[in-house]
Structure formats: C-alpha cells, structure tokens
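In structure tokens, the next block holds one chain alone, the form predicted alone.
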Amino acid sequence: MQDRRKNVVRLAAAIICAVGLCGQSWGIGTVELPVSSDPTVSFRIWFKVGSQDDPPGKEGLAALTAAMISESATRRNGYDQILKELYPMAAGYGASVDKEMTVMSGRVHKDHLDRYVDLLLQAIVEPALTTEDFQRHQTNAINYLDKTLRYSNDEALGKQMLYDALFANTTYGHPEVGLPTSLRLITLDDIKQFYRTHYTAGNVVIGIGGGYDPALVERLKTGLSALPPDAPAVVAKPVPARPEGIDVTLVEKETQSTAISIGFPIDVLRGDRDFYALWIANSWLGEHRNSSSHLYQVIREERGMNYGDYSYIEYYPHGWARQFPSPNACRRQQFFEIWIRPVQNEAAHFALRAAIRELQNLIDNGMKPEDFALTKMFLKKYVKHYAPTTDMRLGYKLDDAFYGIPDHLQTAEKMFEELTLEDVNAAVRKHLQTANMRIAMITKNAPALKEALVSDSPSPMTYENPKPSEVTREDKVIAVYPLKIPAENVVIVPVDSTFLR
C-alpha cells in the first residue's frame, strides 16, 4: 500500500509540473488550462492564506484583507470607477476566503482582456487600503454575524456552530468572516501588515484557463513579481479534539423549526483510495440535493418531514445555494457531516434519531450489491457535471495542486470503475461511526429538548395524513432508538450569545 501511495504522489508531482505548478523554488507558481476554443479567459489567483492565519483576537483579518483587495479602491482608481469600467465588459472579479485558501477569481471575454488584466493586477498589487473601504467592509462583516447568520439563516447557523465545535481551540475553530468582538478590534494597520505578510510573490499561484496567449502568463508573472518575494511560514495542520460520546450544542432561538447538523473529523482526503470508496457510500446515503439518496428517502420522501437530508465526506461550502460543490475550499483536515434541513420542532428528536440510525445501519450492514452497482453507475455520469466550464475545471486543477494529486475528477471516474463493494464497505467501517460525534441544533425550547435527549425518552411521530404500515412500524423502532447522550455533554447557547468569545 505504501509503495502504491508513493507512486501516486510521484505521478501527482509529474502531472502538476506538466500543468505548470512546480513549487515555489523558482518563483511564482502557475496552473494553466489552455482552451483555444473558449472565447473567454478565467483567472483564479491563489494566495496560500486563509482564516487559519488570523492572529488570535483578530479573527476575520484574512477575510477583511481579501475584501480590501477584491471589492475596494486601488491607488489608481476608486472602486466606483473600477465597477464602471468592468460593467461594459460584462466582467468582474472577487475573492473567496476559506481556512487555507484565498482565491481572487474572475472571467472576461478576450476582447476586453488587456484592460481587465490591468484592473486585476492593480487590485492585487496596488490596493489603496483606504479608511473608507475598511469601515465599509468591517461594518458589513459585523452585520453579517450579528444579523444575517444569527437571525436569518438557521441552516447556515447550525452548520457554523457544528464547524466551530468540531475544530474548537484550533486554527479552524472560528468563522472565516471572523467574530463580532475580534472584527471590532481589527485596525487598518492590521490589514496593511497582513497584506504585506501574506500577499507575496512567494505565496501565490496563478491559475489561468481559456483562450489566452502564453504571453499573458508572463505578463501576470511580471505584474505579481512587484509583490514582496517572501513566503510566510505555513500554519500547522489543525488537530481537532475527537469527541468522546455525543456532544450536543442547542442554540435557543424563537423558531418554528429545528435545523440539525451532525459531524465528526475523518482522516481521509482527496487522492486517498478510501476517499473514493466513501464517496460511493456517501452518495447512496446522502447525495447533496438529490432525491435518490437514502436519508432523503427515509426522512423526506417517506415521512415528509422537511425539504432535504444530505451527508458529506468533506467540507461543502454554501450547500443551501449550490447543486455542486465549489472548488478552492481545500483543507488538510476534513470531517464527515450530516445535514438535516429544518424539521418541525416537535419532530427534531425523531429526525436526529432517524439520521443516526440510518448511518449506523450503513456501518453495520454495508451497501447492498444492487445499491452499490446503481450508485456507481450514477456517479460515473454525475461527476461529469462537477466542472462543466473552463472556470470550474481550473478551480479543480488548483485543488489538485493544493492536495498534490493527479486530476481528482478523472481519478474519481477511474476509482468508480475499480472499487469493489468490499472496498466500499471496508472504508465505511474504518472511517464512519456513530458513537463519538458533535451535533448542533437551532431550536425553540432547548431545555425541553435537552431533557428529552439525555433521558432518551421516546419521540413518537405523528402525521396529518395516514402513512403506510411499514413506515409506522419503523417509526416505533426509530422513536426509541438509543442515543445515550450524557447530560454533561449538552450545552444550551442563547442565539444572542453565539460567536461571543
């Protein structure tokens, strides 16, 4: 196995060099995806910095700095002037910030390439970093936490509470946008220092795809070489504390439905054979936004409890808004997640039991041969939709460079052919479990739910309309499925107190 792993790494290195990324020893890295027939050019300028680089007490600094570059004035143009120039091009650029990656991305038609590249390079190399822009972005970030995340999107709040619990006391353990208190402590001088340290020529990889001339790559390299040459120190991979038993965070909020997120760390990444084995099992269990998945069938289709129920084997950003995952949110430490979309408050205990029971059934019984065959057939076609555009393919190539692997999506197709049912079920037994996990629930009357959880009291389901006998028979089993949650493992947090630390 070790020899096979080494061969994969060597092959990855060869492929990455073939697309232009050969490390930083010779300067700015590049990942190229030339598509001569594409009349547009896509850019993904990757800086190896993210919220993991936020100094303690200044959480949100990486995201604020990215906003000061991507949505702000430059030394040559005010932001309103930049927007006026981009509008007739039908183009734009922006930044995404995750734990370990910050990517400036944009796309433009070749007809407007010259001026667009001017503006893009000026944004990165010559940001004005003005007080006016800083105050605007700082206020927006605080308002997002104080108002939007707490009070307008229970599903996002539940996910964020889960992520913070999974990675508490690590560099992953806070929202990328920051915390209300830390955001108020960040100064414009902090932004300038963070920019000087992390936005360097030694810390950038140029991602470019589409119908561009090779000279454009040299132009970008020359432009970005105006940045300082240094590469900042790499932040150590986080080591999250593994949950012991089931830990539950109940966020008390005046809400008519309960959002539920369940998870635990797993040590599997893209490129690992087990990742693709788990991909097959996870697709059957909880394929994102797909009605064929098992959780969806059990909780929504058969019982009509909510809008959808999904599971994941790596971080899936903005799941409520996307059918397919966004690239460039790579992480060295991943986690397994179940996302139960809001159910009526009185059904929350039952829904939690149903989801955990289905996961345990998968672990105990494995996939059935017919489910395995059907899921592989589905995935071999479905994966082709992950990157239908040059821009998305470029995004995945950057991800491949992050993980140091060959083409992830092509590898997936190959693995879907090779992997056996025994491989998949062995990976499920090795990496998934239900004994030790963290749960976040956004709910009303949290004390009553806590009492129900820790006492394992029955949670019978009732329906407005009759259900088939096989469903009601199974309901009786689910309603008493033991979760064994100790009282000391359940904390209640008023929604007004979330993210206050």
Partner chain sequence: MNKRWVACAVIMLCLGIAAATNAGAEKIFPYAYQQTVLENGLKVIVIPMESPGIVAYYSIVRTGSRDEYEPDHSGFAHFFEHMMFRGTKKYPGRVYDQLMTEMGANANAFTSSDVTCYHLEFVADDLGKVMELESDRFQNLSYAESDFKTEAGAVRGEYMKGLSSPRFIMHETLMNTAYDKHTYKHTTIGFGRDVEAMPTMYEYSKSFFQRYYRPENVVLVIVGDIKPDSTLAMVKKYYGGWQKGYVPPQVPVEPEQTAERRADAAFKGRTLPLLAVAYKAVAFNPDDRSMAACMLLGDLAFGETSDIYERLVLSEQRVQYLGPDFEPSRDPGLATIYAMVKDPADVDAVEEEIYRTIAFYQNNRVDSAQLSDVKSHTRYGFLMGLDTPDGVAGSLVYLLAIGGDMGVVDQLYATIDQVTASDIMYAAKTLLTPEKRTVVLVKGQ
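If you're wondering where the values come from, they're calculated on a predicted model, not measured in any experiment. Residue numbers count along the first chain shown, from 1.
Here the subject shifts to the form predicted together with the partner chain, a form of this protein not shown in this document.
Okay, which stretch from 263 to 271, 147 to 155, 169 to 177, 413 to 421 lines the partner chain in the predicted bound form, with non-hydrogen atoms inside 4.5 Å?
-> Correct option: 147 to 155.
Val108, Leu362, Met101, Met161 - the one with a heavy atom within 4.5 Å of the partner chain in the predicted bound form = Comparing distances to the partner chain in the predicted bound form, the residue within 4.5 Å is Val108.
Go through Thr200, Ser257, Gln122, Asn328 and name the one with a heavy atom inside 4.5 Å of the partner chain in the predicted bound form.
-> Of Thr200, Ser257, Gln122, Asn328, the residue with a heavy atom within 4.5 Å of the partner chain in the predicted bound form is Ser257.
Is every one of Thr74, Ala241 and Gln433 in contact with the partner chain in the predicted bound form, taking contact as a heavy atom within 4.5 Å?
-> No: no residue has a heavy atom within 4.5 Å of the partner.
Hey, in the predicted bound form, does Asp118 get a heavy atom within 4.5 angstroms of the partner chain?
-> Outside the cut-off, so no.
Going by a heavy atom distance of 4.5 Å, is Pro88 a contact of the partner chain in the predicted bound form?
-> Contact check for Pro88: yes, within 4.5 Å of the partner chain in the predicted bound form.
Non-hydrogen atom contact Gln193 with the partner chain in the predicted bound form at 4.5 angstroms = Gln193: no contact with the partner chain in the predicted bound form.
Counting only non-hydrogen atoms and a 4.5 angstroms cut-off, does Pro447 reach the partner chain in the predicted bound form?
-> So Pro447 does not count as contacting the partner chain.
Quick one: name the residues from 393 to 411 with any non-hydrogen atom within 4.5 angstroms of the partner chain in the predicted bound form.
-> The stretch does not touch the partner at all.
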